[in-house]
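Taking the form predicted alone, here's one chain by itself in structure tokens.
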């Protein structure tokens, strides 16, 4: 398996939990002007001391700028990683919902699990495939629509 995002030599790879925190901080910073510990705790469904503990780890690794009882910001390195994890999540979720016709809630959960292990190469190839299948004049949206109809008919046959 390729190194997790991005490849910083001489550093331990980020854990999936660290990546989740960076993605949530990235997302919250886009939604709100200020990111607070309680916002992260609410989004993750964890207690504030748990968040504070992880923020110290991320701060020590130079991924965020944080001091206890203050607001926090992503560093350039943290922003880069948060943006990439968010991109992975969106691509995977869109593939699951738009192509495989999986409902949005399940797609979101599955994308969150998958985003941590997929390599840059595979994600880029998936993006190219999605572009191809959506733009291809030979199949295009009719192929995607036909797959959706196939899934619906399969569900109906399972119910009988």
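Numbering follows the first chain given and starts at 1. Worth saying up front: this structure is predicted, and the values here are computed from it rather than measured.
Note that the form predicted in complex with the DNA isn't included here; everything after this is about it.
| Taking 4.5 angstroms as the cut-off for heavy atoms, does residue 121 touch the DNA in the predicted bound form? | Flag for residue 121 set to no.
| said: in the predicted bound form, does residue 66 come within 4.5 Å of the DNA, counting heavy atoms only? | reply: Although the DNA is absent here, residue 66 would touch it in the predicted bound form, with heavy atoms inside 4.5 Å.
| field | Any non-hydrogen atom of residue 113 within 4.5 angstroms of the DNA in the predicted bound form | value | Answer no; every heavy atom of residue 113 is more than 4.5 Å from the DNA in the predicted bound form.
| message | Check residue 127 for me: does it contact the DNA in the predicted bound form (non-hydrogen atoms, 4.5 angstroms)? | response | Answer no; every heavy atom of residue 127 is more than 4.5 Å from the DNA in the predicted bound form.
| Per-stretch contact check against the DNA in the predicted bound form, the hit in 102 to 110, 127 to 135, 50 to 58, 24 to 32 (non-hydrogen atom, 4.5 angstroms) | Partner-contacting stretch among the options: 50 to 58.
| query | For this chain shown on its own, do 18, 36 and 46 all sit within 4.5 Å of the DNA in the predicted bound form, going by heavy atoms? | reply | Verified in the predicted bound form; spot residues all in contact, yes.
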